[in-house]
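Only one chain is given next, in structure tokens, and it is the form predicted alone.
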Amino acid sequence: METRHEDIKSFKDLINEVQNKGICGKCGGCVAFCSAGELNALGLDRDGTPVFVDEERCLKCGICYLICPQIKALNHELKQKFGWKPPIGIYRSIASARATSRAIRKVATDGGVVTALLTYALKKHLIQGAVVLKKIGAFSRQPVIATNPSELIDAAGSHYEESLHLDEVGRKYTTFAPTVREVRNLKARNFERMAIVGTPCQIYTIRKMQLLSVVPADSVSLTIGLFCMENFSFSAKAKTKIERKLKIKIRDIEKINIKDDVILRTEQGATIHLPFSAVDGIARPACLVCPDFANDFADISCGGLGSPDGYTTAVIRTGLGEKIYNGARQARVIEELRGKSKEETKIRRSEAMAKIVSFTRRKKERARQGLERIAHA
């Protein structure tokens, strides 16, 4: 029986089911696929929303619909492939660790484990480079392709420029970087073994692309996922209201971290802890309906939750993730935090896992409530 175009979900369905509901994350996965395949039916408007640029070129193949992180049509297949188990997917081990390099630790948000692992993988020629997030301000990120250790360290640090502040006037501030969009450039640069660092929605999109054997996701050989409760996005107009509420100037914030709560560190050295309820108003709408905190489908998941300051919690999930993590540890590129006894170390790891599970449940419940509100709107 012949399949007709009208029987297949398309970008028009994405508009109706995602964009019109206000939950498009602007990750760019649909555009990355469409442009990498040289279809070029889709593009991005001024605020990063995917749009038709040439509808006649659309093949109505349905792939853009399936790989969208807000569409769960491939959930069963993906969970089967990865042997997913509740509540946070499969994992082989968990540890608190940090980079042994002081240069990495100096610029890292937590313990610098992500940068250290990528550096090790590069030096061992396990990858050719990595798509990483470059911080250009406390509320600004941009994706870049790093192909050597110095570029990785440069991306991990913060880069504040006067031109950035001028450029941001009148538009949105956002901590979310559309990493997946950069994947479309990998084939053009002849990269075949690349790592990608991303939020749960970004890794989820890459995994769905790989499940469907979609170019250019075949160039991604290593995924390092970040724990993610939410990213922030707000307009320049809203900045004044936020500053009044928080009693702090946005320009004075040097670093943002999320562990048990939201942590702001200022250029003057002050540390401010905020409950999530205080910043829910600037969370990206897409984040409020996302159920994945622990980045369930990554090779290695990392974040600060569950570890003391200066250390990263690493959840090693796959065989590849274990190979790279253990290799970096044996090469003394990273070092683990251990207790005074094996029993104490086990207890610390259990406590870390308990926190990750707790945050996972909180995020799943928030997503359920968010989707319910949308359904009844």
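As the structure is a computational prediction, the values presented were derived from the model and not from experiment. From 1 onward, residues are counted along the sequence shown.
The next section is about a form of this same protein that is not shown, the form predicted together with a small molecule.
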{"query": "Heavy atom contact within 4.5 Å of the small molecule in the model of the complex, the stretch among 257 to 265, 87 to 95, 244 to 252, 214 to 222", "finding": "257 to 265"}
{"query": "Listed residue (206, 298, 183, 114) with a non-hydrogen atom within 4.5 angstroms of the small molecule in the model of the complex", "finding": "114"}
{"query": "Partner-contacting position among 279, 122, 108, 195 - heavy atom within 4.5 Å of the small molecule in the model of the complex", "finding": "108"}
{"query": "Contact of residue 304 with the small molecule in the model of the complex (heavy atom, 4.5 Å)", "finding": "yes"}
{"query": "Contact flag, residue 177 vs the small molecule in the model of the complex, heavy atom cut 4.5 Å", "finding": "yes"}
{"query": "Residue 127 within 4.5 Å of the small molecule in the model of the complex, heavy atoms", "finding": "no"}
